[in-house]
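Taking the form predicted alone, here's one chain by itself in structure tokens.
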């Protein structure tokens, strides 16, 4: 596997401009001769499909929902970053770039992150033009608030519904093109494998989730914008339908998988309440603008929060990280919450919780101001817990929220398989070992609206116009046969245990051994347990129904089968990375509870190559060379 990042030469701030100027072009009359498949219609996928079709390419877009409006992007609450400096508080493209590099603990590619910061300012203009109802100041200017890991206000927001409003903007752009006949939209359709012809991604094999029909689709390029793989843990803040099948099947076809162990734990989630839960609910990071995190100063103190006087409370983030306080980055805030709970000072029946208290802000700003800023989030909390967070503090605890790992891509967003492009959370490129809050939406829209439309031409210009293969070639038929055989195998096991049972057991292994803290002994144990669980799955799982119609059990079984393979790779990656950085906290490498990086040995992206069933994968590396920033010990104190 050859890893050529194709980073442009020249000064950092000129790389993207130079790259666009020097890129190959496809003539307008030739663009309509190229076919592009876009898998996924969240922010990254919808914006990419709309933008590519506007340029003239033939686009087919797929989503496994009944409508693109249901993509998981709608769940993002708090906001989207951009270096507009509307607050005149010292923000700039450089500061957003540096905050992102530092927030990722110096484990991201410098050129990609700077491009993201540059493009951020255009994203806001694009979304305002689409009618996205961002919050505004009294005078009409767009409002901003702060998020973790930054000392400026650069986060644009639409109350607690930012993801939904941004998705509606991208969805409107997409449906305009669908209505014009420029995009073919296939709903309730899931990609089950990638077709590689002569070393190039040339199509996919899909299944209609309503009828069970298997279809072969050919294209000149395939774009995966299918989100992250956090549901491998079972309990997470992801929608239950979120999965890793598209990127995992592409990995099995030869696409390198980078940094799979980099899994973000979000500190502001409603705590687990029982084994019956199917998912966890996020409380937006924006709440930490006005909420203060605390626990009782004394272990075992079970008094109600209002019965505990100020002198007997520990506002632990303000104590540990005074420069950033409650807006410390997610990985640091999560580990701090775990630390105080491990000391026996956690709250709630389980002891796995901390308080997020708004009483100071309500006294300072007034109840109406807090309701205006966060009202729908308080409503969600009340709906789930039956508690009024205006009167008593919220209870929160860390939970799996985002994956920084994903398919490796170069500067053009192309994977190690030529013709395969990967956008948004599905790739590894922009966040390093930890993502700063409000940067996920930024990356998804940057990739779809501004990056891919400028880089895909570099690849398509090397292909003869109109030479897209027919979907009945031998490679397509072979992949279809493999997909059909796997579905048949799942249905024929006819075991005794449910799909959910296996998913829960896998999630417990991962959370215990590859969660907020990892160590060699635990990871080695997980690498033994997961293959045994995978073998048991294929011997004893029960998948009812058949493949010829709607069968949600069959859908879930295929996704859990992929999780059972991906989970082992995550643990292998965590074991091989003998350092602590960002969300990857190896207990053997820490200093006073903080991460201890080993830059000389691990300043690289780890890229894994599939070697076959039950074979150990091969680990490759892409060195991370910083020309404009200096790798320093990350501190928020």
Ligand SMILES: Cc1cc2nc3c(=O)[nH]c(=O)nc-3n(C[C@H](O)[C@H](O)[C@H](O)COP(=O)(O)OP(=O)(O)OC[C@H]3O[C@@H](n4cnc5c(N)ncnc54)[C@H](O)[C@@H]3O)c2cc1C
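Residue numbers count along the first chain shown, from 1. Only a predicted model underlies this, so the values are computations on that prediction, with no experimental measurement involved.
Keep in mind the form predicted in complex with this ligand is missing from the figure; the text below concerns it.
Student: Which of these residues, 127, 295, 76, 258, gets a heavy atom within 4.5 Å of this ligand in the predicted bound form?
Tutor: Checked against the cut-off, the match is 76.
Student: Name the residue from 583, 48, 570, 39 that puts a heavy atom within 4.5 Å of this ligand in the predicted bound form.
Tutor: Filtering the options by heavy-atom distance leaves 39.
Student: Just to confirm the contact call: exactly one of 107 to 115, 542 to 550, 339 to 347, 430 to 438 touches this ligand in the predicted bound form at a 4.5 Å heavy atom cutoff, so which is it?
Tutor: Of the options, only 430 to 438 has residues within 4.5 Å of the partner.
Student: Quick one: does residue 225 come within 4.5 Å of this ligand in the predicted bound form, counting heavy atoms only?
Tutor: Heavy-atom contact with this ligand at 4.5 Å: present for residue 225.
Student: Contact between residue 191 and this ligand in the predicted bound form at 4.5 Å, heavy atoms?
Tutor: Taking the distances in the predicted bound form, the answer for residue 191 is yes, it comes within 4.5 Å of this ligand.
Student: Is residue 455 near this ligand? Define near as a heavy atom within 4.5 Å, in the predicted bound form.
Tutor: Contact with this ligand, no.
Student: Is residue 282 a contact residue for this ligand in the predicted bound form, using a 4.5 Å heavy atom cut-off?
Tutor: Heavy-atom contact with this ligand at 4.5 Å: present for residue 282.
Student: With the partner left out here, which residues of 50 to 76 have a non-hydrogen atom within 4.5 Å of this ligand in the predicted bound form?
Tutor: 62, 63, 64, 65, 71, 72, 73, 75, 76, in sequence order.
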